[in-house]
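Presented as structure tokens, the chain that follows is alone, the form predicted on its own.
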Amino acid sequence: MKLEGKVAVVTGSASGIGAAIAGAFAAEGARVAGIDLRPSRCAISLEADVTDEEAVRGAVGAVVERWGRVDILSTNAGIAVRKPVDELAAEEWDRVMAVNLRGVFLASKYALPHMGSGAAIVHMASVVGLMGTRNRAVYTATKGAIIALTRNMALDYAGRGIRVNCICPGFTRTPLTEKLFADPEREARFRALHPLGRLGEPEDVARAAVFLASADAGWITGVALPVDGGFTAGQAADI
């Protein structure tokens, strides 16, 4: 098993991609602690708001008290608002920034002191962090920032033997996106944007997370890996 004996902390672990990653890590032999506002199916389930510094500090501390270290951090907690800049309320901007970006910062800040050589961090970005998508101003801003943060963290912690990468999923079936795919015609349009002809499933992303967290990716750091059915390769239509 690729993650035998590793200690993994997964934020956003109660549903969607985070839940799939937690399950995939466990299936590969890791001891998994999930951090979410809701209970998750992990060896340790910690209910905490990733925007709350003391809550995150306490949750990571509980993992270290139980298992002594953190070998893998996977940050997945996220929310979205579909609006352009002039329609966004400042409160909406602040909330998405807090969950999607501050949450990544806090989880990293408190996990890193307990990570040693060979440890890995896998952040969850998005294809919209690599290319613009209409009506997703603040969500796109957070995902672009995560990609930049990933590269900087990779440089900052390479000397300690800690690898930092992120995944950029294409449009994937999760509770966050279910409203987008409720209409069959709209779902068909989303599928057509992906040259491989289908939407992503959480398990597609989870398999990539296992790879990046494992020794198989031991010489990979600072990468934003699209897992997107070809979405970022370009438009497949014959125009």
Ligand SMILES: NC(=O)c1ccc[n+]([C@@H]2O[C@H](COP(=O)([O-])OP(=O)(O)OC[C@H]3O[C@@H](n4cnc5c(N)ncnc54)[C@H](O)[C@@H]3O)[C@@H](O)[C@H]2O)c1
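When you see a residue number, it is the position in the sequence shown, counting from 1. Model, not experiment: these values are computed from the prediction.
Missing here is the form predicted in complex with the named molecule; even so, the following discussion is about that form.
Segments offered: 153 to 161, 108 to 116, 85 to 93, 121 to 129. Contacting the named molecule in the predicted complex at heavy atom distances within 4.5 Å is 121 to 129. At a distance threshold of 4.5 angstroms between non-hydrogen atoms, residue 67 is out of contact with the named molecule in the predicted complex. The named molecule in the predicted complex comes within 4.5 Å of a heavy atom belonging to residue 77. Shown alone here, residue 204 lies farther than 4.5 Å from the named molecule in the predicted complex, counting heavy atoms only. By the criterion of a heavy atom within 4.5 Å, residue 45 is excluded from the residues contacting the named molecule in the predicted complex.
In sequence order, 169, 170, 171, 172, 174, 175 are the residues of 161 to 175 having a heavy atom within 4.5 Å of the named molecule in the predicted complex; the partner itself is omitted from this view.
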